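This document opens with one chain alone, in structure tokens, the form predicted alone.
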Amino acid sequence: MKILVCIKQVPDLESRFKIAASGTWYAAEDLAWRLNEYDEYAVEEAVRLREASGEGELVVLSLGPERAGEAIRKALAMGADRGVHLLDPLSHDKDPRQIAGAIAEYARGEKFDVIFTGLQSQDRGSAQVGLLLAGLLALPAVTTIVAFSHEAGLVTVRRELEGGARAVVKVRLPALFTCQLGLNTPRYPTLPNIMKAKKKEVRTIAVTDLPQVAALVRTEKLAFPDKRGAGVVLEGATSEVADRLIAILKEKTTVLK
């Protein structure tokens, strides 16, 4: 079995963000970086699948600048066999279609049986790359999976739907799956596996060497949310507070009419 996991390096959400001079993305300086959380679930599930099959190859792929190699090395330390780095210093300027197109150009020649991606990246949050990739590769796709089992080429997954509902889906391989919180508990790389990861193959391919597609989406402006004003504290007798609260709700909201 041949497995591909698409991963992304993203800023740690505890970092202090600044908007770049371009005004269309955040500044990369002084940020701490990590493997996208949803992608950790994807890597863990892929490692479990490869271990259960007892054979095959697990490849991790990341599109991004030089520092994205750190995320690839972590995935290798978790158990992936080799890595592919689609080197792109301008990855932050690409829309989901362009990113999926570059990954598809590489994946077509590899004939993967299973492709895992995270549900979405924690910085952009579009949740589109996985589905676009499946479309470009003409593969069935199942999104937001929280359980996965495989037997004789048939995969059974449980999906998380809006409102907390769950759905069970069966699909024949090859197929693509996007991974949601709750699918598994990602392992921590051990020191011996971190050392082994340094010796595993990471192939670097310049995105400029791949066929290019035009962007369909353009970011016009990035801005922080407006700061909220101070809250109002209502004091006094219960009946007085209730009357004042009702008056405020009628004046400032549409909750009460």
Partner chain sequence: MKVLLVGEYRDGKILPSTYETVAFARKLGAAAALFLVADPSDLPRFAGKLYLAAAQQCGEYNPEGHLALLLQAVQAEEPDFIVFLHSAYGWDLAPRLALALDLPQISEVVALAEGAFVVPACNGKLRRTLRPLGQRAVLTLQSGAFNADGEPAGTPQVAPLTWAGSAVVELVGYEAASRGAVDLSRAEIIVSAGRGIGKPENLALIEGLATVLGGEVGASRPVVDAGWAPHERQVGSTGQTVAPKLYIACGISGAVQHLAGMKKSGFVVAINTDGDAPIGEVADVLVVADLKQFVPLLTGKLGGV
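Residue numbers count along the first chain shown, from 1. In this text, rigid core is short for the largest set of C-alphas that superpose within 1.5 Å between two forms. Fair warning: this is a prediction, and the values are worked out from it, not measured in the lab.
The next section is about a form of this same protein that is not shown, the form predicted together with the partner chain.
Peer 1: Using a 4.5 Å heavy atom cut-off, are Ala127, Leu131 and Gly163 all in contact with the partner chain in the predicted bound form?
Peer 2: Yes, each of Ala127, Leu131 and Gly163 comes within 4.5 Å of the partner chain in the predicted bound form.
Peer 1: Only one of these stretches, 64 to 72, 226 to 234, 193 to 201, 50 to 58, has heavy atoms within 4.5 Å of the partner chain in the predicted bound form; which one is it?
Peer 2: That would be stretch 226 to 234.
Peer 1: If we define contact as a non-hydrogen atom of the residue within 4.5 angstroms of the partner, is Leu136 a contact of the partner chain in the predicted bound form?
Peer 2: Yes, Leu136 is a contact residue.
Peer 1: In the predicted bound form, is there a heavy atom of the partner chain that lies within 4.5 Å of any heavy atom of Glu29, even though the partner is absent here?
Peer 2: Close contact is absent here: in the predicted bound form, Glu29 is far from the partner chain, nothing within 4.5 Å, heavy atoms only.
Peer 1: So in the predicted bound form, does any heavy atom of Leu181 sit within 4.5 Å of the partner chain?
Peer 2: It does: once the partner chain is placed as it appears in the predicted bound form, Leu181 has a heavy atom within 4.5 Å of it.
Peer 1: Answer yes if any heavy atom of Val168 is within 4.5 Å of a heavy atom of the partner chain in the predicted bound form; otherwise answer no.
Peer 2: Heavy-atom contact with the partner chain at 4.5 Å: present for Val168.
Peer 1: Given a 4.5 Å distance limit between heavy atoms, list every residue of 232 to 253 close to the partner chain in the predicted bound form, or none if there are none.
Peer 2: Counting only heavy atoms within 4.5 Å of the partner chain in the predicted bound form, the contacting residues of 232 to 253 are Val232, Val233, Leu234, Glu235, Gly236, Ala237, Thr238, Ser239, Val241, Ala242, Asp243, Leu245, Ile246, Ile248, Leu249, Lys250, Lys252, Thr253.
Peer 1: Under a superposition restricted to the rigid core, does Ile246 display a Cα displacement of 2 angstroms or more between the shown form and the other one?
Peer 2: Yes, the C-alpha moves 2 Å or more.
Peer 1: Once you overlay the rigid core, does the Cα of Gly236 travel 2 Å or further between the shown form and the other one?
Peer 2: Comparing forms between the shown form and the other one, the Gly236 CA shifts at least 2 Å.
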